[in-house]
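Just the one chain here, laid out as structure tokens, in the form predicted on its own.
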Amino acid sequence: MRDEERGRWFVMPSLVLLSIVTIYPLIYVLYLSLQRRLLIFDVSRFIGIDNYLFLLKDDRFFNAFKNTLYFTIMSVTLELLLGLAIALLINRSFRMKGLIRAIVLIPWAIPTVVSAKMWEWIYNTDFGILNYLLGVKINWLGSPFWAINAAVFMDVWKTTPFVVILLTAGLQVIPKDLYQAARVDGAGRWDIFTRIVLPLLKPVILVVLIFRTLDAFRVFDAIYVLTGGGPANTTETLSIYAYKVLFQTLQFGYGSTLAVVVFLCTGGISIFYIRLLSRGVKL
């Protein structure tokens, strides 16, 4: 038996296991999305695409979709810019470099639920340290405007270290000779950044965008623990809306429809980034 064939047989058990735990649930969710299934009233019947037609008229769905897009765009953009700036700084040579890198990673090491509870106290109107330091009395989690931005800020604080790790790894594989050659030719820091660092870092930036965009679009635990989707659903994302429909109102049919929409969106995002990568990373 050739090595290639032997390798396929070794991979086969993993493929079968993955099929069981991913493909079967996906097919079953698609099946449920075509049903009207209410566990409370013991209702279960096939209704075709009625759930999808109802979704097109559901204002709460579009509100959750808008919140999800806003959260994704804002958090990923800020994490990328801030992560790139920090990665460029800690990639330089200085004393206690290892210690600084370890400190930068602390927010990422804290579990998301713990981070969300911690920030809930930081944002507390009466006892929060944020209002104390700023000398104001803002209801951060009670205002529709501040609540969604507070969630974005918490996510940026929590996940920027992950971006820093990947970008720092990308910076370290850029040959030092290129920097020296550019300086010999009279290039300034901005020229080196725009003509050497950014082009060579694009594949890593794309990987960062794939991971962070998908995670941000599916965000659930951070916002659910921080605000529960409130006030008045102004921080409710698609994942939180799907969870509430599925497990609080027990509408398994419509909740599955929402889950399918989230799946299709994340699939579309993945395909978009993969095509960018396969085309030579023309961002």
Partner chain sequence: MRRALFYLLIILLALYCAGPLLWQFITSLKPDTELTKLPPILPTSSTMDNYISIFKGNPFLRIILNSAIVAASTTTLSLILGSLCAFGLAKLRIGYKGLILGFVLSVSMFPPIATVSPLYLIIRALGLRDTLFALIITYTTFSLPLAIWVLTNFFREIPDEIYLAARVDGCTPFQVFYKIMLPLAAPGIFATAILVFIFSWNEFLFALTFTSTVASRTIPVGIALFPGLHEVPWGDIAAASVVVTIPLIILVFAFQKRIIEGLTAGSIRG
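Nothing here was measured: the structure is a model prediction, and the numbers come from that model. Positions refer to the first chain, counted from 1.
FYI, the form predicted together with the partner chain isn't displayed, but the following is about it.
Residues within 4.5 angstroms of the partner chain in the model of the complex, judged by any non-hydrogen atom, belong to 250-258 and to none of the other stretches in 56-64, 43-51, 228-236, 250-258.
Although the partner is absent from this view, W119 contacts the partner chain in the model of the complex, with a non-hydrogen atom inside 4.5 angstroms. Residue contact with the partner chain in the model of the complex: R36 places no heavy atom within 4.5 Å of it. Using a 4.5 Å cutoff between non-hydrogen atoms, W190 does not count as a contact of the partner chain in the model of the complex.
Contact between K202 and the partner chain in the model of the complex is not found at the 4.5 Å heavy atom cutoff. Taking I138, L209, I165, I196 one by one, only a single residue has any non-hydrogen atom within 4.5 Å of the partner chain in the model of the complex, and it is I165. Just one of I110, L134, L81, L178 comes within 4.5 Å of the partner chain in the model of the complex, counting any heavy atom, and that one is I110.
Residues I23, Y24, P25, L26, Y28, V29, L32, R37, L39 are the ones in 23-50 with at least one heavy atom within 4.5 Å of the partner chain in the model of the complex, listed in sequence order.
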